[in-house]
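Just the one chain here, laid out as structure tokens, in the form predicted on its own.
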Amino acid sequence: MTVKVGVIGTGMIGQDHIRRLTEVLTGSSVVAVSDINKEQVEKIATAIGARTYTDGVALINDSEVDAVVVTSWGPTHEEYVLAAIAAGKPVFCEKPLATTQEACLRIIDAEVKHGKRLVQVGFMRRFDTAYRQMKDVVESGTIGAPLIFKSVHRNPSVPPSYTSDMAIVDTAVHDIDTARWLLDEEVKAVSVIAARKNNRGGTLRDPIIVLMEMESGAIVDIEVSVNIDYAYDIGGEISGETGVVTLAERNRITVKSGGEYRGKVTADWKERFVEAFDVEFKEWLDAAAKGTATGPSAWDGYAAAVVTDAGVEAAGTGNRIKVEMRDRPALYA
């Protein structure tokens, strides 16, 4: 079956997903695209032979569209995801699921009322081979019960529009979701500590440490550095009761010369996670062909919103903030 996809939002990541759906993966065709930038959307649509819309809801209600990808501005996500649920169409939504906890809960309520999962949220690390192997080790019991998860998220630089809150809401959110998934438990409390300010970061609180206490008592330590200069560097290590599992460096070769050895670090998030994005969309298409969704759920999108809100409060107040969430519906068990 060929899944006929409509894409809402044709910015950088929207264009990358359109490329992925039309040039990399099989089993799909992009039949409609939507964006408020009429000139841009028409150019993209012409190149792939798709219909154009400036109204995302109209795209969703197009009878030729089987499934929807939402990569538009964050505040629009709730409207489009709810419209997709109302239309009974699987929807892939890049993070955030929505910009408030209340909006996430409206999406959850709509999906629960519908009676089956339709929503997948774009937390792509869950589809990365190395992270999946790390989770396999944890679930096998090889290292015993996890005690500490150390996650490192370093960006070489960020644009002038980047704010200190974004270090938690836009950057650490991936580490937060990864921690919940790897350890298979919710966050109980959050604290944030700022290190000595990086002079390259201007007025930003950079770097920061986000400390999360999990329900089991395990600790998650997330380092966020967004002006680290040298590369885009992602790291992770889980210390358990009887062993340790660590994400390996991704070098395929090591160069030895001049009395030293060296390897390459990825330059940006697209290079580091390109394969994970491909797997993410392949699995989404497989589920969409059956009229459903797998992977990170609306519940995971809600949990991320609750924890990041607590993190922003912790950063602003210096306090340890308890995380309080609604009971998880059976649909997301």
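Note that the coordinates shown come from a computational prediction; the quantities given were computed from them, not determined experimentally. We number the residues from 1 along the sequence you see.
Here the subject shifts to the form predicted in complex with a small molecule, a form of this protein not shown in this document.
In the model of the complex, the residue from Arg126, His174, Arg180, Arg205 that sits within 4.5 Å of the small molecule by heavy atoms: Going through each option in turn, the one that passes is His174.
Listed residue (Lys89, Lys135, Lys95, Arg117) with a non-hydrogen atom within 4.5 angstroms of the small molecule in the model of the complex: None of the other options qualify; the answer is Lys95.
How about Tyr131 - does it come within 4.5 Å of the small molecule in the model of the complex, if we only consider non-hydrogen atoms? Close contact is absent here: in the model of the complex, Tyr131 is far from the small molecule, nothing within 4.5 Å, heavy atoms only.
Interface membership of Glu213, the small molecule in the model of the complex, 4.5 Å heavy atom rule: Answer no; every heavy atom of Glu213 is more than 4.5 Å from the small molecule in the model of the complex.
Could you tell me if Asp170 has a non-hydrogen atom within 4.5 Å of the small molecule in the model of the complex? Asp170: yes, in contact with the small molecule in the model of the complex.
With heavy atoms only and a cut-off of 4.5 Å, decide whether Asn227 touches the small molecule in the model of the complex. Residue-level check for Asn227: no, no contact with the small molecule.
Given the small molecule in the model of the complex, answer whether the residues Trp284, Trp299 and Tyr332 all have a heavy atom inside 4.5 Å of it. Not one of the three qualifies.
Heavy atoms, 4.5 Å, the small molecule in the model of the complex: which of 256-264, 104-112, 149-157, 186-194 makes the cut? Say which one. Going through the listed ranges, the match is 149-157.
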